[in-house]
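We begin with a single chain expressed as structure tokens, specifically the form predicted on its own.
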Amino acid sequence: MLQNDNRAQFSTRLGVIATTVGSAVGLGNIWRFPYEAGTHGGGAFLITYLCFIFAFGIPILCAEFMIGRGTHSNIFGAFRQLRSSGKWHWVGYIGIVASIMILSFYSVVAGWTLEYLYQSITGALNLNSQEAYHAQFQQFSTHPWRPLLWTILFLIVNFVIVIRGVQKGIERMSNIMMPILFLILIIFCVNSLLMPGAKEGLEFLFSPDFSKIDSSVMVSAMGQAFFSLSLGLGTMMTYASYFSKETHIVKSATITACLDTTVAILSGVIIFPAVFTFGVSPTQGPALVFEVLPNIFNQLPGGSLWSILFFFLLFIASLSSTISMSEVSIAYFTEEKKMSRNKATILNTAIALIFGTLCALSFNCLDNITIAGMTIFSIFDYVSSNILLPAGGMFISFFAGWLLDRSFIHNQLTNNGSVKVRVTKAIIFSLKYVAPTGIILVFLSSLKLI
């Protein structure tokens, strides 16, 4: 198998973990996990979510790592290299399109975190009622140019990092951002555990009522496990193409999944004691971050400081994810279209800026443009998250479980026999049977077919 040995590589083991964890950790962990857990019974959701992380999350992550490290190629070139016959390289286009779509609307939400970080610093979040916070968010999100301004600013920050390359840009910033992210999480956890409602919040999160586990909880937990690890998008496969031959794939996948899950659980530890302390329902949903939590922070001693730390945390989590999404298409442009990294980064940012502008404006001057009742922002979110990602994950799982040569799998998992891996058969079994079944259920559920 032809490999590009002159290709950029992550320089340290810390860089491997920091970048892959950074790709997985994002708004889905700190924003989506708490409201999913709150809606689906707390502990019942958590235990189901953990089962799916280990049942098919880690195996598919291993599959993406194997394909990426084994080919040292972008997602399109990796499938073409491993399966020159047939049309499997078209799976790469699913990841490329999905990464651009997610980068576009994700940058809008990331821009909101910058706006709220700015408001926290200036004291504009010191309001006196929940209704006032709701009105403030509605006024901001429907403003004709403010959301767009923050979207552009966020994409500029993202551009400055990725244009510097794999080691000097992505790896260096991930090594800085991930420790800061975990430090802020721990500070928030300590504060939440000292709140009067800590006991009730922790019981809600960690004491499962197994009678609440139904089909809805299982499907939601599978979806959260799938999306929180960035599976099916090609980001992990692209990052793995920068792994050295000494990187332990199974260990790296397990550490990445465990740290990503830890961030989600810590987010629950932060939020649920707070909502129980202040008598807020844990089923608040997406409004939790931009409407409910600012009101809670405002009632704490030093409220502005907590608000600044929280939205800075969200900004870091957003940025660590968007740089990985950018790298999927940048690697494709540089290797398949023979562009320089500078031109590829400019093109990637320009595309995201165009689509991001449409998504940002879909809350105000373009809100009358809808398809099936969905705005442009909602369409980008729905198509990428509910169709392209499950499809990409399904194809990757099937490809690795049924079509990859067993000697290739063995060599990648064991580093050509230099390390012992006792779970090879379990990983293959999951890729062939367990993961495809789970992904099909998530996919059918997202399409409201079950």
Ligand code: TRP
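Just count from 1 along the sequence shown to find any residue number. Rigid core here is just the name for the largest C-alpha set that superposes within 1.5 Å across the two forms. Keep in mind that what you see is a predicted model, and the values were worked out from it rather than measured.
FYI, the form predicted together with this ligand isn't displayed, but the following is about it.
Query raised in the report: Which single stretch, out of 140-148, 224-232, 181-189, 196-204, brings residue heavy atoms within 4.5 Å of this ligand in the predicted complex?
Result: It is 224-232 that comes within 4.5 Å of the partner.
Query - Heavy atom within 4.5 Å of this ligand in the predicted complex - the one residue of 106, 332, 290, 306 that qualifies - result: Contact residue from the list: 106.
Query - Selected contact from 110, 237, 102, 360, since only one has a non-hydrogen atom within 4.5 angstroms of this ligand in the predicted complex - result: Filtering the options by heavy-atom distance leaves 102.
Report task. Indicate whether residue 29 is a 4.5 Å heavy atom neighbour of this ligand in the predicted complex. Result -> Contact check for residue 29: yes, within 4.5 Å of this ligand in the predicted complex.
Query raised in the report: Does residue 74 reach this ligand in the predicted complex if we count a contact as any heavy atom within 4.5 Å?
Result: Heavy-atom contact with this ligand at 4.5 Å: absent for residue 74.
Query - Contact test in the predicted complex: residue 24 vs this ligand, heavy atoms, 4.5 Å - result: Judged by the heavy-atom cut-off of 4.5 Å, residue 24 is in contact with this ligand in the predicted complex.
Requested in this report: Report whether the minimum heavy atom distance between residue 352 and this ligand in the predicted complex is within 4.5 Å.
Outcome: Result no; residue 352 lies far from this ligand in the predicted complex.
Query raised in the report: Hey, does residue 133 budge by 2 Å or more at the Cα between the shown form and the other one once the core is superposed?
Result: The answer is no, as the C-alpha of residue 133 shifts between the shown form and the other one by less than 2 Å after core alignment.
Requested in this report: Kindly check if the Cα atom of residue 178 is displaced 2 angstroms or more between the shown form and the other one relative to the superposed rigid core.
Outcome: Yes, its C-alpha moves 2 Å or more.
Query - After fitting the core, residue 30 CA displacement of 2 Å or more between the shown form and the other one - result: Where the cores coincide, residue 30 still shows a C-alpha shift between the shown form and the other one that is 2 Å or more.
Requested in this report: Note whether the distance between the C-alpha atoms of residue 342 and residue 178 decreases (closer) or increases (farther) in the predicted complex, against the displayed form; the change is 3 Å or more.
Outcome: Compared with this form, residue 342 and residue 178 lie farther apart in the predicted complex.
Requested in this report: Using the form shown as baseline, tell whether residue 32 and residue 363 are closer or farther in Cα-Cα distance in the predicted complex, where the change reaches 3 Å or more.
Outcome: Compared with this form, residue 32 and residue 363 lie closer in the predicted complex.
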